[in-house]
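Here we start with a single chain on its own, the form predicted alone, put down as structure tokens.
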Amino acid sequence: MKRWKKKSPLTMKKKESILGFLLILPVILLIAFVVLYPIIYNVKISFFDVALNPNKPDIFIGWENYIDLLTDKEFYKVLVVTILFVAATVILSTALGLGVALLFNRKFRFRGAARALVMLSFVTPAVSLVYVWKYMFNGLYGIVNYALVDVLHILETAPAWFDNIVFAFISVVIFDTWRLYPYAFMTILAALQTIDTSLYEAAKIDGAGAWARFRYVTLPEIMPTIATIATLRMIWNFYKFDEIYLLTQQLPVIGVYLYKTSFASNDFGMAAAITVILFVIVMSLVFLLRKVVFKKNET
């Protein structure tokens, strides 16, 4: 009669680990194919002069694309405009979303219908919104110029909102803030509704006013959420192209600069170098932001 040997816990654990790895192996391979391979290929071609003809070989040029890019004054101009655009839109949309979330965190009549109206700009297709805004800001018959010049008399002449870099910057920042603040509103509102009400009751007993309760109770509780929103919006807006390109051709941001380099100039090696440098810049800013915010929140 055979005696069954009892398997050791170490052997069972090892087999479970192997089984777990085999189960997630398809996902790992998919991520490697969809994400890692394009990144590695992009880094590779940044060191080449890429031939447009697929039958001709690419020419290895080493660091030349990076040197040309980092010595190009136009690149630094585009980078400064992009940083200003990202900073303005992230701060304004997050602040507006926070204010609206604080308002909607209170019970009032028709709150559900009002919440749905607030989300309209976020769920409506961007292309339709862009053309509505271009109609509103039109220099001849737009309602914005009519209100500012003919009704309120704030401006003497109607500005060309999308043909001047300053006005183009202002209009694009307003559009992006209005379109995407519902994302911050929705996320912050969810965080507000998870705060324990006993914290506010304790603060009231200690004599804290509305501002003190917001500063010492609400803000520390939702700060990780705000940091996450700011981080995601920063990443999105550094690479933003479609809405800006449809609104105006006068705002030199990284997305438009990258598009012109790759598809107008057909310089795919330089375009790849731009994305690599942009990745380094964005990740550095993200790590700096999260380190500052979470360190401050811990103290």
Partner chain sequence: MKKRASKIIAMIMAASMLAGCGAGASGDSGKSEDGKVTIEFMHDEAEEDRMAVYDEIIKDFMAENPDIEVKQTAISEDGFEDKVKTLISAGEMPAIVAGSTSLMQLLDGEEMINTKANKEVVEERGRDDFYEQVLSLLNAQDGEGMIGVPISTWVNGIWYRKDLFAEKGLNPPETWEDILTAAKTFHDPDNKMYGIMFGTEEGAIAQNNFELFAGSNGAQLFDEEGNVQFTSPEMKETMEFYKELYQYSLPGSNGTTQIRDAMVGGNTAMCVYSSYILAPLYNAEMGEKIGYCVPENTQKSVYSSPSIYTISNTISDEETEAAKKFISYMLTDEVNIKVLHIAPGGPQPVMKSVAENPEYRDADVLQVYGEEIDKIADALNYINVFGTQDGITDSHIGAISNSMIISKAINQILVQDQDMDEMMQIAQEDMEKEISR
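These figures come from a predicted structure and were not determined experimentally. Note that the rigid core is defined as the largest set of C-alphas that superpose within 1.5 Å between two forms. Positions refer to the first chain, counted from 1.
Another form, the form predicted together with the partner chain, is not on view; read the next lines as being about it.
Original post:
Hey, in the predicted bound form, is Asp150 touching the partner chain, heavy atoms inside 4.5 Å?
Top reply: Result yes; Asp150 sits at the interface with the partner chain in the predicted bound form.
Original post:
Is there a heavy atom of Asp163 lying 4.5 Å or less from a heavy atom of the partner chain in the predicted bound form?
Top reply: Flag for Asp163 set to yes.
Original post:
Taking 4.5 angstroms as the cut-off for heavy atoms, does Phe263 touch the partner chain in the predicted bound form?
Top reply: Yes, Phe263 sits close enough to the partner chain in the predicted bound form that at least one of its heavy atoms falls within 4.5 Å.
Subject >> Close approach of Thr218 to the partner chain in the predicted bound form, 4.5 Å, heavy atom >> reply: Heavy-atom contact with the partner chain at 4.5 Å: absent for Thr218.
Original post:
in the predicted bound form, which residues of 235-251 put a heavy atom within 4.5 Å of the partner chain?
Top reply: Read in sequence order, the residues that approach the partner chain (within 4.5 Å, in the predicted bound form) are Gln249, Gln250.
Original post:
Core-aligned, is the CA shift for Leu30 between the shown form and the other one 2 angstroms or more?
Top reply: It does shift by 2 Å or more.
Original post:
Hey, does Gly139 budge by 2 Å or more at the Cα between the shown form and the other one once the core is superposed?
Top reply: The answer is yes, as the C-alpha of Gly139 shifts between the shown form and the other one by 2 Å or more after core alignment.
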